[in-house]
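So this first bit is one chain, no partners, the form predicted alone, shown in structure tokens.
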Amino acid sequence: MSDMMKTADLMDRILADGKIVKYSYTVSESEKQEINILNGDFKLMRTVFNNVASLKVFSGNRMGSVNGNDITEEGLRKLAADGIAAAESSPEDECYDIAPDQGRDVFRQGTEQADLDRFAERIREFLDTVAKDYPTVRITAIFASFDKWHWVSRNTNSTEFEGFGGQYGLDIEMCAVEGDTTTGLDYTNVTVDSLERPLIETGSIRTHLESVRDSIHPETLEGKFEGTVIITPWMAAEFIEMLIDNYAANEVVMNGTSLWLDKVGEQVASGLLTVGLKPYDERIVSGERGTSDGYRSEDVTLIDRGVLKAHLLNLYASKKTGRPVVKNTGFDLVVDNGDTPLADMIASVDRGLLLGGFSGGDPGTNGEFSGVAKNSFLIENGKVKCAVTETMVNGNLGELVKNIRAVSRETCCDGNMVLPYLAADGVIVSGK
């Protein structure tokens, strides 16, 4: 891999030649070593290189944003010219800006040296364990990789960040087969910086294997009921992302449609819920280190025991609304675990669902959501009864988080996020 600091110095000279007095940019180089396995057979091993340069150019109250993959001198000069043209043609807006001086910093994350032989051994071990422990489960595909990167980010307020890192990633596709019966596909992924543990013991891989194994004979529900939904950690991440987008993100705060517009400091959710974006949590393999605005990233608590602490606003949205900027533009989600074992959560449910998947459109402005339950199980009288099919779930995101009645002691840590199970009342479950 090349020296990104030399590339950054070249970019500075090119921007100076163009008499650009205000800018920010990031230049990066990455290397992906891929291993693809289809139906248990190793099919592909290759190395892919990628270069990226992203540039923001400011001209008075105008701003142009451009990206490119050519980081040669010719490519960077074209990028600078495109940035100038984009700035000159953009509308004026006094809220365009870059972060103040953040100083200089070097970030090292994960592991920078790959052991591909050991990685392949761990993958083979995983396949052998699945064949032994879950004989009805078929691993239809594995997309494995070791990703390594080096980047530099600078702006004209004297900020300079440099980042190095590497990580192993695993995306798994699976189904279960019994005779002529086959389940739908299920998916899970994990990111690790060490190969010390068997892959099957990382993230939520075993839980997904058990779920797809037990989904081979789903049943169709009749009628409709209002019940309790126990949301799995990977689904909780999707619902919380929808919640943030609908109630606390840039766009909905700027346009005034957020139902939490004036709720900072107020109770908006169950006191059992604490939600943070924590790139420095030791369980996150490669969390964000510099925001898209040029700030040094910080750990942020968005909801603290049910109280809304902040809207998730970048620098532009902050200047537009006069509200505080949040120095975090990643999604390194960490939700605090509770005191209730998952088994006790299930035992407390009279009738409801263990929700392992959800397929639906974006929620409405009022937070209403509707979709099909996937990889999910009916709970009756405190016991998981059967897998379900053709089952709809409907509710409201704002009410859902208010109605959380238990948060599990167990958490899923997949290297990118850390989440427990959430039990919430008042969700409508509909069958045929």
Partner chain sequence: MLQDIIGTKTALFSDKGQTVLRGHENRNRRVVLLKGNMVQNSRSEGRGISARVNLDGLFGFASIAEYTPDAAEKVLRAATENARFLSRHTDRKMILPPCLGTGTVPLNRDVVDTEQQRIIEACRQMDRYIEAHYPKLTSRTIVYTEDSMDKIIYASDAYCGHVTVPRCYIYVMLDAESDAGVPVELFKPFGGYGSFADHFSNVEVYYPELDKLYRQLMDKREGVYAEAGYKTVVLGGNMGGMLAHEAVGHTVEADLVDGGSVAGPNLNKRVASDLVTMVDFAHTYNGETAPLPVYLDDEGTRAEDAELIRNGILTGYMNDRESAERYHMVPKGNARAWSFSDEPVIRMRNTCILPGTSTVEEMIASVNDGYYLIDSGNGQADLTGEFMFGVTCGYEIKNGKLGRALLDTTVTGVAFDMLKTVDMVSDEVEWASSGFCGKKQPMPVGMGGPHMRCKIMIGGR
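Everything quoted here is computed from the prediction, not taken from an experiment. Numbering follows the first chain given and starts at 1.
Unshown form predicted in complex with its partner chain; subsequent notes refer to it.
- In short, of 192 to 200, 84 to 92, 327 to 335, 128 to 136 it is 84 to 92 that has heavy atoms within 4.5 Å of its partner chain in the predicted bound form.
- Although the partner is absent from this view, residue 59 stays clear of its partner chain in the predicted bound form, with no non-hydrogen atom inside 4.5 angstroms.
- Contact between residue 359 and its partner chain in the predicted bound form is found at the 4.5 Å heavy atom cutoff.
- Contact check for residue 395: a heavy atom falls within 4.5 Å of its partner chain in the predicted bound form.
- In the predicted bound form, its partner chain sits beyond 4.5 Å of every heavy atom of residue 310.
- Site annotation in the predicted bound form: the residue of 257, 321, 207, 267 reaching within 4.5 Å of its partner chain with a heavy atom is 257.
- In the predicted bound form, its partner chain lies within 4.5 angstroms of at least one heavy atom of each of the following residues of 141 to 179: 143, 175, in sequence order.
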